[in-house]
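For reference, the chain that follows is the form predicted on its own, supplied as structure tokens.
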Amino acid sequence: MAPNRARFIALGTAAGMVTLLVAACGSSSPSSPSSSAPIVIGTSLSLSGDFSADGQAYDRGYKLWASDVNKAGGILGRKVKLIIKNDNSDPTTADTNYTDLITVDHVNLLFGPFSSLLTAPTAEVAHRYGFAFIEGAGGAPIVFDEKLPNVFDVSLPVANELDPFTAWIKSLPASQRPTTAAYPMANDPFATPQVELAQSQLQPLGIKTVYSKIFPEETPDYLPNADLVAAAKPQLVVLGSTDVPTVASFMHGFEAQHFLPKAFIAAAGPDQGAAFTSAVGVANANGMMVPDAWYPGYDNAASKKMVAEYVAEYGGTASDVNSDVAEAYSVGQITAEAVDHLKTTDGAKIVAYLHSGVTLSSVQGPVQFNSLGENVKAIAFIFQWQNGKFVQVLPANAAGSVKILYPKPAWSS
């Protein structure tokens, strides 16, 4: 199951940069690499710190892509080598890492980091040195507000994560729609944009907002916020969460207050498989919903191949392959497609090509960038826990979708 590309909590500075070298680095310039030298790709990932679970998943996704592309002969007939530096989930360290990758390691290409919080500053570094910056976890408005021409996010824009859910609510007969809604949100560039957009779309339907509040992401105890929501008794709760503990706190709080909404969707948390169900209980998870742009059962040949290779390499089952892996793998795919087409790693040429309106393919589906570098062809889904299974429910007419469970079943105790 997939932790959404997520969790952009406020961070302090941190120390401890560790360099993981997947292979020996090259020394070619990005615009004129030697025809026999490896193509060296650099990235900074959160291998420790607050984003470490996601950063480590990205690490596996990038490495899996590199292994696959090298087995197929590399890019332009040259092997790919990765330099992966640890930023400890700290934006300042990530900034330094990318500067070093360019000026010290002399990489040919760059891959983005994990989270919008790190993507926004590091994209500026890449732009300063003329690099295209293809990434998969920087979909929040703070990244695109910079209007940098070199940024390209292969994944679904953050603000649109809940679009299939709001479309479903609109499709319901007025008699079946929730009449009231609550919008508790973590102060986070992943969580707030999608919930605020959903609120702006649902209010005109006559769904009264009875609670709307942004709370600090670093809040150690979410129960007071949960109690306030429960007291308002909304029929719909749209939670701007970033992790399992946030969702679990709200669910436990609601259960303690004997409050059950008709529908409950969280921006992130329910997508994290056993980590979620072990925190809230399988029975309580029943009916919980979450958005995502990819899942292990996605009906895409390249995606199925990647999932099988991941399981063969790292063990577990297909359900253990989270969306971070797919996002990272997609970054590699889009980069390779651009370089193979252009026959060069020149940053300016890659930027121009990706802005040309071309549609490319990834394990997450089609990719086409608008002028800001957002993927306008990205696919969005809503998933729900149903009797211990994590299933696709929206869009209702999409292949693989099952009937949505509504209203949410009662708490288990």
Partner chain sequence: MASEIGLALATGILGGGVYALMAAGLTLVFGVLDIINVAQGILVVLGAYLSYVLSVHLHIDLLVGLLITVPAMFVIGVVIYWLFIRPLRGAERTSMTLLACFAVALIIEGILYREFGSNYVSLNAWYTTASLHVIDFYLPDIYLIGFGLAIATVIALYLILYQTKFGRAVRATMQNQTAARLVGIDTNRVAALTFGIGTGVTAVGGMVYGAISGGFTPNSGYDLISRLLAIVILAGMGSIGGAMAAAVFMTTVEAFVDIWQPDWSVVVFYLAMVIVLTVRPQGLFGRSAARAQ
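Fair warning: this is a prediction, and the values are worked out from it, not measured in the lab. Numbering follows the first chain given and starts at 1.
Quick note: we don't show the form predicted in complex with the partner chain, though the next part is all about it.
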Looking in the predicted complex, any heavy atom of D243 within 4.5 Å of the partner chain?
yes
Although the partner isn't part of this model, could you tell me whether D50 comes within 4.5 Å of the partner chain in the predicted complex, counting any heavy atom of the residue?
yes
Might L223 be said to contact the partner chain in the predicted complex, defining contact as any heavy atom within 4.5 Å?
yes
Does the 4.5 Å heavy atom contact test between Q386 and the partner chain in the predicted complex come out positive?
no
Does the trio D340, T344 and P366 actually contact the partner chain in the predicted complex, every residue with a heavy atom within 4.5 Å?
no
Selected contact from K213, K170, K71, K147, since only one has a non-hydrogen atom within 4.5 angstroms of the partner chain in the predicted complex
K213
From T219, T92, Q235, S319: within 4.5 Å of the partner chain in the predicted complex by heavy atoms is T219
Just to confirm the contact call: exactly one of 271-279, 190-198, 326-334, 121-129 touches the partner chain in the predicted complex at a 4.5 Å heavy atom cutoff, so which is it?
271-279
Along 233-263, which positions have a non-hydrogen atom within 4.5 Å of the partner chain in the predicted complex?
D243, V244, P245, A248, S249, H252, E255, A256, Q257, H258
